[in-house]
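A single chain, nothing else alongside it, follows as structure tokens in the form predicted alone.
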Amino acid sequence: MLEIKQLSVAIDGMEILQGINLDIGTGETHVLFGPNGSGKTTLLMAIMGFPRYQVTKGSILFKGKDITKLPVDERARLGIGMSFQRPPVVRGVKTRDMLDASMGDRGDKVTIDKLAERANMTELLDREINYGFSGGEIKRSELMQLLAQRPELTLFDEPESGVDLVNIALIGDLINELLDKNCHIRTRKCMGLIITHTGHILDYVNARTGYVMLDGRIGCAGDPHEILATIREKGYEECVKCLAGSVPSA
């Protein structure tokens, strides 16, 4: 469903990502670890198609279609959505109106109200998007909008960031709903790529494959819980050693 081949990405002429290869199959959830500044968010932004993130080499394919040069809106229409780490405040637009626009013909007042109830957002529906919201409310608002959109591929940039212990279980439930986790694995159609620093989200959302990104490259792939345990015990320094050892000498 998602194929990234030898992807290199630059911002303002500076190369951030180098030769990224990554595949996510239908119904799969993958997770990406890495220290600050390693390029994780850049990868998500490049997949989503934001123009500042210039693809200099390689390609991005979604459902067999090369989307490397498509604008953001066309990627969204194809079924890609994103939950941002720091979503913007949108003055003058009510949250309810955004849900209505996202649902299109599928939306009505009853459906929107039920969706808001699931996300514990009923009292905030008629507020401007994210204006005066707490960290947990912003995350729930983002996920509620994505549930209205129903993308086939969702990109999550640190979904547990700024979320307290009371909210994180609900955040996990909403992500699981987005990713069809309530369906049998063979019937799931939705995919996810999750960036996480702490790994707390893995207590609530199962992932099939984990990766470590360092200095704009993916250093390893494997069981996400094993990777997280290594990072917690030995830090990213162990990952740096592993990556250095995998690079052939000149």
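This structure is a prediction, so every number in the text was calculated from the model and none was measured. So that there is no doubt, residue numbering starts at 1 and follows the sequence shown.
Omitted from view is the form predicted together with a small molecule, to which the following refers.
Listed residue that, although the small molecule is not shown, lies within 4.5 Å of it in the predicted complex (heavy atoms), from Ile24, Ile227, Ile20, Ile16
Going through each option in turn, the one that passes is Ile16.
Tell me, out of Gly222, Pro51, Gly64, Gly37, which residue has a non-hydrogen atom within 4.5 angstroms of the small molecule in the predicted complex.
That would be Gly37.
Which of these stretches, 55-63, 184-192, 39-47, 198-206, has heavy atoms within 4.5 Å of the small molecule in the predicted complex?
Single hit among the candidates: 39-47.
Are any of the heavy atoms in Asp12 no more than 4.5 Å from a heavy atom of the small molecule in the predicted complex?
Although the small molecule is absent here, Asp12 would touch it in the predicted complex, with heavy atoms inside 4.5 Å.
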